[in-house]
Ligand code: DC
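Only one chain is given next, in structure tokens, and it is the form predicted alone.
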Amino acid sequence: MTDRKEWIIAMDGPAGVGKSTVGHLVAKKLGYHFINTGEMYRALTWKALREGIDVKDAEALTALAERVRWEFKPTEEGTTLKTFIDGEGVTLQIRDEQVSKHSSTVAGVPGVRRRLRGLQRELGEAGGIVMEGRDITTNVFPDADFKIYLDAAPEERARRRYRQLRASGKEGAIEDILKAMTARDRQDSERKINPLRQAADAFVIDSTDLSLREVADKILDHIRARRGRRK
């Protein structure tokens, strides 16, 4: 490990734990790029729905993932890489309710995961990136320089998601959010292809009683400490 911008910081964890916010904070502090790989699966889901492809047709979804043109461009502030598919930015489109409803199904298709894993490895091969998802530490970059696993109590994750919805002008009952989140946790951890699980050598943080900035600071302290030992 050196002081060059070549580290790969891989981050996994369940839904609603704050990976995107924390990942962005860490990347910004280090001068790295940040990417939320969930956006890639959501983007493909949106494209499939737009083209009338059955989200249960694994062959058609795999062909779509191979056929479309993928691009990842930094936002104006320069840290976060946003997903473009066939030249179209999909930041708003992928928040659609139907996209949210079907993205887990699409993400469970083996051919789709293989294609997107390849793209994710291309994005990270030069280092200088913070990448978050469900299988980044265990499947995409099992040899990452730093592996982080974020967790929090389901009730706290539901409260955080509720506050996010309220802040964006949307409504939702915490009970319904918790129920949906629990179902998503089960689907992510029980799927046959690259399930969500904690890497044996991951740095684990329970963020239940921490602010997301405090979580980011813990990760940065961990990186600085290990960097110092490896010089």
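Start at 1 and count along the sequence shown; that's the residue number. Computed from a predicted structure; not experimentally measured.
What comes next is about the form predicted together with the ligand, which does not appear here.
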4.5 Å heavy atom contact with the ligand in the predicted bound form for all of 29, 31 and 146: no
The ligand: the contacting residue among 158, 107, 152, 129 in the predicted bound form [heavy atom, 4.5 Å]: 107
Partner-proximal stretch of 70 to 78, 121 to 129, 135 to 143, 84 to 92 relative to the ligand in the predicted bound form, 4.5 angstroms, heavy atom: 135 to 143
Distance check, residue 46 to the ligand in the predicted bound form, heavy atom within 4.5 Å: no
Residue 113, heavy atom within 4.5 angstroms of the ligand in the predicted bound form: yes
Contact test in the predicted bound form: residue 191 vs the ligand, heavy atoms, 4.5 Å: yes
Touches the ligand in the predicted bound form: residue 197 (any heavy atom, 4.5 Å): no
Residues in 42 to 57 close to the ligand in the predicted bound form, defined by a heavy atom within 4.5 Å, in order: 42
